[in-house]
Structures are given as C-alpha cells and as structure tokens.
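In the form predicted on its own, a lone chain appears below as structure tokens.
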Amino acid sequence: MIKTITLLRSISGVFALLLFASSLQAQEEKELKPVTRTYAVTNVNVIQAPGKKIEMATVLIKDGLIVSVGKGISIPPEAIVIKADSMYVYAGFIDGLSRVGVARPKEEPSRERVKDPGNPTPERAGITPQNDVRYSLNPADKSIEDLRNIGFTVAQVAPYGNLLPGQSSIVLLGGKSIDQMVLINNSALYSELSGANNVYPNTIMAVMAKWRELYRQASQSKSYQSLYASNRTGLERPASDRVLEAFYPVIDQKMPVLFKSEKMLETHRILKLKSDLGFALTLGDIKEGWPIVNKIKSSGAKVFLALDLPEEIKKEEKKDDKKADKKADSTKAKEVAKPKTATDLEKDALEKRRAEAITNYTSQASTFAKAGVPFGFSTLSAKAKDIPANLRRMISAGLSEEAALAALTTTPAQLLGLSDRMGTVEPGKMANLVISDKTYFHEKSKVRYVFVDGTLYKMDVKEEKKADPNAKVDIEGSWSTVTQTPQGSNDGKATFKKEGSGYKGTVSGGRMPAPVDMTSVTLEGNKLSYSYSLSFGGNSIKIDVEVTVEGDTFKGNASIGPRGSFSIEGTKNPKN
C-alpha cells in the first residue's frame, strides 16, 4: 500500500511538472505586454510645429499619446526616461504616397496570349478598384524600417498595378500585424495612366477613354440602385458589380482619387478627367509640376511632390569644365581658337538643358511654396537613403526649412484629414515622434529615436568609417561578394579592370545567367561605387553599390531603388 501511494505521488509530481512546463511554454509563446508605455524625453529642443520651438523641455508620453510638453513637468516613477540632452524632437513625418511594406506581385507574363485582346478580363486589363492594399501589406518588410529610420511614422500606401490597382490605406510604420498598422483603410482610390500589356486599354488615350466609361457606368449603376432601393415593385433587381461599386464613394465625394502623376503631360490629362467628371483629386509623386503650378492650384487638387531628384552634376565634371575653360583660355592666348563643330554645339546645348532640368526639379518645392500651393511629399519613387540629402538640396534651391518641415508634418496631416491626431508635438496627439541629435536638416544630423503610436524604436547609429580621399587601393581583379537580403545571403562576384584613368567591371553569380556589365565605376581614394541593371519580366532594376575598401576587403550597401538597401561585403580573390 505504501509503495502504491509513493508511486502515485511520483506520477502526480511528474504530471505537475509537465503541467508547469507546458504553462511556461504557453507563457513564452504568448506575447507579453511591455512593463510600461510611459516615456519621458527630457532636456530636448521641442519643435512643436514649423516656427514653434520650446528649448530644453520635456515630452511626456503615456499609452501612445503625448500627455505633456514643456518645462517643469513632473515625471511619474514608472516612466522610462530618455535623456535627449540638446537633441531635437519633431512630429513624425507623413508620406503622402508610397508602397512601403507592400508585397510586390509576381510579374505577369506580358506576352501571355489572350483570346480576345480587345475585351480582356478586368484583372488582365489592370482594372481592380475593389482590391484593398491591406491584403498586400507585410509588417516585416524591410522598407518599413528603412523609411522609419529617417523619421517617417505614417504613410498613405497604394497597391501595385497599372490603370486601377485598388484602394490605398493610411498606415503606421510600426506594429507586428496588419491590423495594428492600419490607421485608415480605403483612404483613396488609387490610379495610374498606364495601360496593360498587349490588351485593351494599352495606350494613354485608350486608358482615359476606359476611365471615363467606367466612371459613367458606375454613376448609372449607382442611380439605378438608389431608384430600386426607393421602390422595388416592378423593377428588375440591379446586378452586382464590384468594379463599378468601388467608384460609389468617389461619386459621392466621400473618397478622393489618388493619381500617380510624375510627368507634366500626365498631370494635364488627369486634370482634364477631374474637370470632366468632377471627382475629388489628389496628385501624387509629382516631378514636373513647376510649369503648370498655377493650373494645379486653380484645380483644387491636393498635392504630394516627389522626394526623388535627378543626380547632381558631379564635382569632377565641374572641375573638368573649369580645367577645360582654363585650357581653352590658354590656347586662345596663343592662337585663334578653332570654331566649334555642330557636334560640339549640340553637346553644349544638351549639357545646358540637363543642368536647367536638374535646377527646375530641385527647386520645384520652392516654386510651389512661392505660389501658395499647400503640398506634402511622396516617397513612391525615392530611395530612403537619399531622402535627407534630397531635402537639403531642395532647401539649398530656395525652400525654407520651415516650409520643408511643414511639408513633412502639418501640411500632409491636413491634406489627409489627420490634423486632430498628428502633425504637431502637442498634448492629446498620437505619440508619433522623431528625435535627431542635431536639427533634422543639418548635414551631419542622425535620427536617434522614433516613436510610432507610442512604441519606441531606437536607432543603431554606427559611426561610419570616413573614406580617405588620399588612400591608394588596388581594386583590379575579381572580388567575392555576399549581400544580405530578406531572403538570406546572396553570393556573387564583382570583377574590375583598369581602363584609362578609370575602371570598368562586371557582376555575376546569384540568379544571373551571365555576367552583367557595370554602367559606372567610381573610385575616390578608398570609396568605391558602382552600378548595374538587371532585367526581370521586361522591367529593369538598377542596383547602386557604395563601399569602403580596406586592403583586400570592402564593406558597404547595395541599394535597389525604393525597395531599400542591403549590406554587402567583398573579399578580393587571389590572382591566378
């Protein structure tokens, strides 16, 4: 009997241990709530709004909201204190049009045969206005982190596609689930004036005709549904059409149409559609708006300018021009200069037009500001790593720092109907904040902390090794490279060959069936940069690599346009 009791107690003990172990496992699997959601940012320069500053103050945050802003604020004992000595805090930046966090769809075969190209399915023609971008969001996408790391906390995100890809949403750039991220769903009906491949509509005029047709069909369908709802007797039941029904909120002026509008001619055509049909319009990612700024202003359209800018003319080019001028002056002093050929004159004119175009692009924001057009910014076509420098270029071209800050904070908040929640650093607003060690637009400024809906993200700021312009390095030969991507490590090979005073090169490995030529190779001291392009499904993707060379190794980043940047390392292979 005693043995039996002992055995039962042993079994009971083991069972209890198993239950305890399973309980621990369940606790580990269950996401634990943070110890506190109260933060105090102390001794910080608060830029509450453009032109409104409180020096060396405290910002108190609790449960995702800004509770207090000012001096002499009592800090509760449960608060996590961030000693931001002499740093600067701003309202989190707002992106008016982006695809941040959106999973890129698999490329559809452009040469796929369609039985009736003049009457394809709506999906094949790119007409899916009923689609919701929320179902394409990936909270773990690296592009979210990249954009957040430079101060953006909210973005209006649109789906991929051509004519009518679907409906956009306004999302927070933080959170572990789609539901946590989405702030406002169905914020706009997104559209582009781009046709489908090999099916109707595939030209600009056909796209515009199709747009008008769909809008008018939707208006008729909505009218009939209203009539049927008022008196169903004797009336045929209206057919359900998700494509046309997606236009109903637009027709009722409850939802704007968000058009990607990079080029001036595109903008002209979109404004014509708005004038003819009467919908509320938002123009996004504008790149050539300065010639028609007054027309855009009179249209009443909401405006988001592109943060993408053309590359500056390199200093080397300017130095070469000066050297050429000096040489020409010296030659003239000795002998009469030969007249320029037609080719020389055309080249000069081309370079002049190029310089003028870059100036116009860079000063576009200043032109809109002077014209009194409220505008925000769009990151749709910009690389996250280039955005701070591009903002500084806009400021150098005439845009005031206050106007630049307004375009990142207060103005997009107003344009998107978010002013009651964000855009300024004030009590009652969402705790969407960006904290930088210097004023944000300072050339050496670094973002140190970002709050998104009260969640703290601390930047791992690494002091970059400065390139040595006087260093002597030898890059000629082959290098084994490793690029860290979200899909894992990608092995490749870069080969450089001396050509005159510069270099040329190729890249190979990975998914490339054959080596690809580099489009440019620049070596300044020990700072190496090169670019190349890859083609997938008829689309060309440009990769820009910037690394610092140290002996037989290099480290740096490979940038793939708006898709983000990834770390890359290289090791020089021994010569055969």
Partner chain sequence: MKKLLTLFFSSLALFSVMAQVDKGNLLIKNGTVITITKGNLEQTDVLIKDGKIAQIAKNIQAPAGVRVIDATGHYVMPGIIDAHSHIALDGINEGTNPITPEVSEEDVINPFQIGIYRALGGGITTVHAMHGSANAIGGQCETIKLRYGNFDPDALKMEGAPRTIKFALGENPTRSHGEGSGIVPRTRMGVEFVIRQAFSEAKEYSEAWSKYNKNKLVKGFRGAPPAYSYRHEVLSDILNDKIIIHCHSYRADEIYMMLKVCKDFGIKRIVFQHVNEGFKVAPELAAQGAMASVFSDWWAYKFEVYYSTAYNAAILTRNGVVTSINSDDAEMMRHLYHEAGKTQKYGALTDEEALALITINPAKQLGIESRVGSLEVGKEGDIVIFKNHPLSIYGVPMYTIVDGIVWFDREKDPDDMRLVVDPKQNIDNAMLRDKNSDLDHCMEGAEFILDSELFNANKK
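Numbering follows the first chain given and starts at 1. On a predicted model such as this, the values are computed, not experimentally measured, just so you know.
The protein also exists as the form predicted in complex with its partner chain; that form is not presented, and the subsequent description refers to it.
Exactly one listed residue, out of Phe279, Tyr160, Tyr457, Tyr224, brings a non-hydrogen atom to within 4.5 Å of its partner chain in the predicted complex: Tyr224. Only one of Lys176, Lys446, Arg242, Arg232 comes within 4.5 Å of its partner chain in the predicted complex through a heavy atom, and that residue is Arg232. Of the candidate stretches 93-101, 113-121, 128-136, 475-483, only 113-121 contains residues with a heavy atom within 4.5 Å of its partner chain in the predicted complex. Among residues of the shown chain, Pro427 is not one whose heavy atoms approach its partner chain to within 4.5 Å in the predicted complex.
Put simply, Glu401 is far from its partner chain in the predicted complex: not one heavy atom of it is within 4.5 Å.
In the predicted complex, Leu345 approaches its partner chain with a heavy atom inside 4.5 Å. Put simply, Gly284 is far from its partner chain in the predicted complex: not one heavy atom of it is within 4.5 Å. The three residues Arg212, Lys272 and Lys352 all sit with a heavy atom within 4.5 Å of its partner chain in the predicted complex.
Along 177-214, these residues reach a heavy atom to within 4.5 Å of its partner chain in the predicted complex: Asn198, Val199, Tyr200, Pro201, Asn202, Thr203, Ile204, Met205, Ala206, Met208, Ala209, Arg212, Glu213.
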